[in-house]
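The form predicted alone is given below as one chain in structure tokens.
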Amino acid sequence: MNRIKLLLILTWLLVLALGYRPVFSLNTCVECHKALDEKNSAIVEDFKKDVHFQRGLSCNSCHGGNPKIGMENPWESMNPDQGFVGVPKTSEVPQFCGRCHSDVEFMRKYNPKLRVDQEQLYKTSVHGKLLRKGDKKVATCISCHGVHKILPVSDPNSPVFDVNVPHTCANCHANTSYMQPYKIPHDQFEKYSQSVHGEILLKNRDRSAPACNDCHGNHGATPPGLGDIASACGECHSNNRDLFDSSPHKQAFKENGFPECATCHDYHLVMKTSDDMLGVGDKTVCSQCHFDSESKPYRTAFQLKAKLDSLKNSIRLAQNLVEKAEKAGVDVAKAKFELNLAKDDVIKIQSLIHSLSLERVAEVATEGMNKAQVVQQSGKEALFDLKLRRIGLGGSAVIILILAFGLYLKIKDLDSRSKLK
């Protein structure tokens, strides 16, 4: 008899010796574990918050046994004849959870919306494949969801809540010594935290940004292949994906084995895009591959950036005129509306860059510059009209002053004459 069994019996005998007689309705699992020690008592308290407990399930729902017997001898309730299975081994966890979560009829009683293919998906994952080979260090269901305090995915305190997923994955993947045998990077979380995605999700707590599972999958977690990267990114950036598919880069990247999106934007360290990435020069993305100034790709990159810069410059000039007119008290509501339409064309070009179509970019740039020029002209006319009004007002003021001075002289002259009489 091991120490745990002995401790259980001694605890139960102590309870009986104190004269405590639990009624039949009490759960012997709960009563015994509460009295064992701090660790087991904490398990009981945690389970009260567990989604399974909230749905009416109890200890025996997972571990088997009969919690309604064994008042005199707790081992009766943990008899294998009563279906008791105890704590599963690491290799048995997916199947242990899958007994219910893969059963369509059973899950329909508790949560009809919940998928019942998680166990099968897990078997296809890197984690699942390694587990079947005997690797007990890989993540299983409880590594991510917890054990006795499993919370709904929608609960902000759940380790698999969107905002918490990167931290949950980092428990293993950011642990240098733990990941060393697998010969894979362990700086993914550090890079992700600095990325535009990490900034939005972790700092701003905006759940629209992707976490680890949005790209790698949930139960079927696996590293994306070269083709899969674009598919993952394309789930959010579908327009850019379609434009890239129509570009010369599509075939070139495939022939050279380049990952599509990641070649320019990186993997986990995806930084906020900037127009400085486009064109030619040491800091541009284009120049990483196209550094021959005589080549067509080099000239295309230069021209694409030139078109974008021309539009932005036209908008900047129009913006300055609109601001001057607004400060002068001129109604610029219509000009601002037109200016925003021109700014929308900048955004269109920033996306169209993925097509590498100089013709399409030039067309949108021309449309935008025409809008900006209309605003510039309106701004110039408004300022000129304001200037004329000010000149007219100034001239009127001078005339009024002259008339007033003349009237003053006339009155003074009349006053002098009246005194002479």
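Numbering starts at 1 and follows the sequence shown. Not measured: the values here are computed from a predicted model.
Omitted from view is the form predicted together with heme C (HEC), to which the following refers.
Between the options Ala306, Val330, Leu321, Cys261, the residue in contact with heme C (HEC) in the model of the complex by a heavy atom within 4.5 angstroms is Cys261. Note on the partner interface in the model of the complex: the residue among Gln194, Asn340, Ser246, Ser351 having a heavy atom within 4.5 angstroms of heme C (HEC) is Ser351.
In the model of the complex, heme C (HEC) sits within 4.5 Å of a heavy atom belonging to Asp266. Taking the partner from the other structure, heme C (HEC) in the model of the complex has a heavy atom within 4.5 Å of a heavy atom of Leu57. Interface residue remark: Asn111 is counted as part of the site for heme C (HEC) in the model of the complex, having a heavy atom within 4.5 Å. Proximity of Cys32 to heme C (HEC) in the model of the complex falls within the 4.5 Å heavy atom cutoff.
With contact defined as any non-hydrogen atom lying within 4.5 angstroms of heme C (HEC) in the model of the complex, the contacting residues in 42-59 are Ile43, Val44, Phe47, Val51, His52, Arg55, Leu57, Ser58, Cys59, given in sequence order.
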